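Have a look below at one chain only, the form predicted on its own, in structure tokens format.
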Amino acid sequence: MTVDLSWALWRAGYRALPEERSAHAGAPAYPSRLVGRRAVVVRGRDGTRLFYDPTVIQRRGAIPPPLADLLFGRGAVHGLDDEAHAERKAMFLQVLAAERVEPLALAIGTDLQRRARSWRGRDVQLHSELVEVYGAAVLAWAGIDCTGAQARRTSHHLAHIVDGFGGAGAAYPRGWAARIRADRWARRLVQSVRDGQRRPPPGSPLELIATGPGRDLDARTAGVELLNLLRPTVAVAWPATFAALALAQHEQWRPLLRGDDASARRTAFGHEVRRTCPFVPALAGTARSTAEIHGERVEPGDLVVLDVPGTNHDAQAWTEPDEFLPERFADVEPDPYEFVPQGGGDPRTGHRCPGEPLTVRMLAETLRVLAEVDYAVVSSPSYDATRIPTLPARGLMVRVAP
């Protein structure tokens, strides 16, 4: 009898899909069950193409509400399909256009550099530091007047939402408590702009969501989508913590990431971190039409699960897939159907994360700063593979030289 994948993910975390894949002799597509329903697990280029084919797959009803509503919020763009999804996605593409997010990436680099000066001669928990730097920067960029202790508190609430989405122990109820507080806060922000009580900078995300492209959304849904700009930015603290660990483990890269001429190398290093570090173990959709992949039939109503790590480590696409080799991305743009840490396909027409270019820039700026910091990891570099999402032990404690 096939073990339900939802139970396996809760029990074994990131090991669940590799274990199930091994039981099916490494097949690129195989039958499974998820939340009691028939499912087909796919990976690799062909699997990604199927998963992002809107004529075959829809998002509505694929992720159980207790998880989807916690991470994304009720009524969010992630659960929409077809024209409704395209209209809502257009708002995010406008807000997250390259020229709009570049000031945020640069502010993060500047703020992190300033913060790093205070680390000298101390032990610091890097993950917490990154949460606070990213959170304060994205709040200011979004046009939200929130500084000091309030910004730190809000940043950690957003991090609690991310930390709880895998349903791990006390993190899950803590995540829901943070989600409820954040939803109320964001709804009030939007309503205060619409009532004329608050005037965010013209063109800021808060202004655009409240009275621009998001003006037809009710205040609660608009608040949810505002959080879907803020929360993912704070969530970059997870891969960034693994980036800091990778830099400590591959010291030969430190001098290569320094200087104005190292931008492309920093981007390549960040890509390899995202390819290899554990974050999203799988993505799910619901079949709306019949399809076949590698001999496995998909029927309407079936769940289709994209094996994200299995795709990012697919030996058909990657040379030495289990090795950390940033040079594989030298002067090469990642293939959108083989490299799927934040989804696959075209972000303009599908469900690939529209904030991925911002993530790339944030990691590059973070690496620019960290390459200049003389630090050593003093906590265990290991992570709990059964916990989703996971981090290096103790959030990666580092000792910074005086």
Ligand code: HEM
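Heads up: residue numbers just count along the shown sequence, starting at 1. Remember, predicted model here, so these are calculated numbers, not experimental data.
There is another form of the same protein, the form predicted in complex with ligand HEM; it is not shown, and what comes next is about it.
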property	result
Contact residue in the predicted complex, from Ala68, Val377, Cys353, Val369 (heavy atom within 4.5 Å of ligand HEM)	Cys353
The single option of Gly166, Gly270, Gly223, Pro232 touching ligand HEM in the predicted complex, heavy atom within 4.5 Å	Pro232
Heavy atom of Pro336 within 4.5 Å of ligand HEM in the predicted complex	no
is_contact(Gly343, ligand HEM) in the predicted complex, heavy atom dist at most 4.5 Å	yes
Distance check, Gly73 to ligand HEM in the predicted complex, heavy atom within 4.5 Å	no
Touches ligand HEM in the predicted complex: Gly135 (any heavy atom, 4.5 Å)	no
Listed range touching ligand HEM, judged in the predicted complex by heavy atoms within 4.5 Å, from 355-363, 369-377, 36-44, 22-30	355-363
Heavy atom contacts to ligand HEM in the predicted complex at 4.5 Å, residues of 63-102 in sequence order	Val77, His78, His85, Lys89, Phe92, Leu96
